[in-house]
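Here we start with a single chain on its own, the form predicted on its own, put down as structure tokens.
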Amino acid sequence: MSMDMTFLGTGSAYPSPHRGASALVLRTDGECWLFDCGEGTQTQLMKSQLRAGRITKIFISHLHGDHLFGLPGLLCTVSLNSNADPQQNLNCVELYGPRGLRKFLRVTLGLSGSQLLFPYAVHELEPTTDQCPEEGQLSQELTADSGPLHPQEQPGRTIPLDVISDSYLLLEDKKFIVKAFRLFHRIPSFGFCIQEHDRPGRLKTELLKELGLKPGPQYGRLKAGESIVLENGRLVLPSEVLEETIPGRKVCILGDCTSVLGKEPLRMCSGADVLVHEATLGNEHRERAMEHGHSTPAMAAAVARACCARRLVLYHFSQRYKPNSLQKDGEEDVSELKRQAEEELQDGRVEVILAEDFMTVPIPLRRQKS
């Protein structure tokens, strides 16, 4: 199964001619999951090789505008480009985000009279009081989803923190398990861990031939983990004829933050194939970055090192850092952010990548355990 991520916006605060606001797409076998949706995301999608109509799930890290303001417009544009045939059953778009996201969509879609051709459901994460300063905590009154559902809205779940795992279980299917975890920012912010399930190892075809089995349905049953009984009555277990399990890939995407809360999320992200972390300002601006709830390259690298991540992708840059191709003499060098992260990592075991708009990062299959 192919997997890659495409960055649609890598800038902070607002979209500019040089960088779009925060948005990235994780693509697996044609299905697209969108993480954050800053203003202008739908335009960035149109400029990319991705199709907005393939988006089935949307994850919002926090409710700051540069991660959220593009959402109502994107949903409306996807609807306009959908098939209006009432006989067609369109899939429900699932949205996940902090408490308040449900109300935000009801108000914006309701006041604008926006009708969608597909259903949607919002699943809200209950934040905790230690995720932000007191002035950043959003009251129940402000975020309550009172009132009727939008005509195309289906009831969503309210997801509390599991205090044992220190995480939020968002979904689990045959391919993935997705959890969220808490970050510290100016308002409640979250990170997401996407874990692919392990895949069964290759069949030991020579052994199967020795047992008298020919390629066919029984091969498939063994590959799926079922035991079979041969004509001579011999029970064949999958563990006998399958090579070592191939571990699934892991992608971790963090919203705006100065730190990860707790140790369990770091264990959850351990060994991530890709860790996406903001680096809004350079190390020399650490105090200012933290004052605004953000991180520097060294801070991002420290998280990557604690997680033993394979690759660290930096994004969410201040608009002062233009892409290398547009940088002029005397302007702040975005490549310096990469150097600062690499300096913090020192041993070079973690590859550091600077994200740019429309960059696609492939996430190859892991190799079998030796």
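Please read all numbers here as calculations on a predicted model, not as lab measurements. A residue's number is simply how far along the shown sequence it sits, counting from 1.
The same protein also exists as the form predicted together with another copy of the chain; that form is not shown, yet it is the one meant from here on.
Contact annotation: of the candidates Gln42, Gln340, Thr28, Ser318, the single residue with a non-hydrogen atom within 4.5 angstroms of another copy of the chain in the predicted bound form is Gln42. Checking Ile164, Leu235, Leu80, Leu169 against another copy of the chain in the predicted bound form, a heavy atom within 4.5 Å turns up for just one residue: Leu80. Contact check for Leu142: a heavy atom falls within 4.5 Å of another copy of the chain in the predicted bound form. By the criterion of a heavy atom within 4.5 Å, Gly201 is excluded from the residues contacting another copy of the chain in the predicted bound form.
Taking non-hydrogen atoms only, Thr360 never approaches another copy of the chain to within 4.5 angstroms in the predicted bound form. Though the partner is left out of this view, Ser114 does reach within 4.5 Å of another copy of the chain in the predicted bound form, counting heavy atoms only.
Contact with another copy of the chain in the predicted bound form holds for none of Lys174, Gly262 and Gly271, as no heavy atom of theirs lies within 4.5 Å. The partner is not drawn, yet in the predicted bound form one stretch among 28-36, 309-317, 341-349, 59-67 has residues with heavy atoms inside 4.5 Å of another copy of the chain: 59-67. For the partner-free chain shown, nothing in 333-362 comes within 4.5 angstroms of another copy of the chain in the predicted bound form, judged by any non-hydrogen atom.
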